[in-house]
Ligand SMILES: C[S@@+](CC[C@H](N)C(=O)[O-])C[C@H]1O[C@@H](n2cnc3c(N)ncnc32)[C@H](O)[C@@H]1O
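For reference, the chain that follows is the form predicted alone, supplied as C-alpha cells.
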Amino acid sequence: MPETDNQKTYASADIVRYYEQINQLQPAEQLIFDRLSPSLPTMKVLDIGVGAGRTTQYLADRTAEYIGIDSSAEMIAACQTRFPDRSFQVCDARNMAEFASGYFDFVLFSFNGIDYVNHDDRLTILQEIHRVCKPGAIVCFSTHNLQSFEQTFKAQWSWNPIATYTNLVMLGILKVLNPGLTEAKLREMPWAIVKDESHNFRLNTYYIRPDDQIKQLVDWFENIQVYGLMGELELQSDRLANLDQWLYYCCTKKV
C-alpha cells in the first residue's frame, strides 16, 4: 500500500491543526476510561498514536506514569506545545525498542491509528504491544469495521432524493479510487485496505470484520471485549451484524 501517503497526510499542517481542535472522547472511550478509573492512579500508561493530545488531558493527570507516542514528529510537536510538562516521544509502534518488555499496565491506541499500516505491520504492532505490556495489562484500540464499509460500497436508495444522490456520488468516488473492488469481493474478504473518505480521500485505511480482528488477537491476548461506537458491549450475534464505522476492542495480555 502507498503507506507514505498516510505518513505525509498525518504530517500535514492542516491535519495537525484539525487534531489540535479535537478534545472530546468518543462515548465508548468515556465508558472504558470510567471503568478503568479506580485502577488508573497505579497504572503506567502508553498512549500510542496520541496525535495532538486528544486523550492526554483525560489520562495524564490520573495515572502513575503517562507516555504519549506518535510516528508523526509534527503531531508530537503539537502535543509538547499543548502539554509541556508531559512526556511525549516520536516513536513508530512497529518498533518500540526504547520501552522495556513487560513495563506498561495500560496501552491505548485510539482513533483507529492501527489502521494506517499494512497487514503484516499491523500484526507486528500487536506483537510489540504484547511485548511492552505486563502480564494481565489492559489493551484498548479502535479499528474500522469492514461490515460498515461493505454497506457503503452498495447503492443505497432513499425517499429523500438528496440523500440518494449523495450516496450514489460517494459510491462512484469509492469505486473510482478502489479499482477492481466489487461487492462480491468484499463479501469474501476478512479485511481490506481501501481508499476511503478519511481526510478527503487522502488515507488508505484498513478495515476488518470483528471476528477476524478477534482471531488476530487470540495468540497474545484474552478476555477480549468488543464495544460499539456508543459504548455498548457487543455479544457475538450483535457484532456480526454491527454496522458502526469502527469498533473498540479491549483485552488483557495473556499471563
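Being a predicted model, the structure only gives us computed values, none of them experimental. Numbers follow the displayed sequence, beginning with 1.
Keep in mind that the form predicted together with the named molecule is not shown, yet the notes after this line are about it.
Visitor: When you measure heavy atoms, are T143, G228 and D244 every one within 4.5 angstroms of the named molecule in the predicted complex?
Guide: Negative, none of the three is within 4.5 Å.
Visitor: State the residue from F149, F88, Y116, F106 whose non-hydrogen atoms include one within 4.5 Å of the named molecule in the predicted complex.
Guide: The residue from F149, F88, Y116, F106 that makes the contact is Y116.
Visitor: Heavy atoms within 4.5 Å of the named molecule in the predicted complex: does G51 have any?
Guide: Because a heavy atom of G51 falls inside 4.5 Å of the named molecule in the predicted complex, the answer is yes.
Visitor: Residue-level contact is defined here as any heavy atom of the residue lying within 4.5 Å of the named molecule in the predicted complex; does L235 satisfy this criterion?
Guide: Outside the cut-off, so no.
Visitor: Is I125 close to the named molecule in the predicted complex, meaning a heavy atom pair under 4.5 Å apart or at it?
Guide: Judged by the heavy-atom cut-off of 4.5 Å, I125 is in contact with the named molecule in the predicted complex.
Visitor: Under a 4.5 Å heavy atom criterion, is A13 part of the interface with the named molecule in the predicted complex?
Guide: Contact with the named molecule, no.
Visitor: I need the one stretch from 51-59, 189-197, 35-43, 206-214 whose residues put non-hydrogen atoms within 4.5 angstroms of the named molecule in the predicted complex.
Guide: The contacting stretch is 51-59.
Visitor: Using a 4.5 Å cut-off on heavy atoms, which residues of 18-45 contact the named molecule in the predicted complex?
Guide: Sequence-ordered list: Y19, I22.
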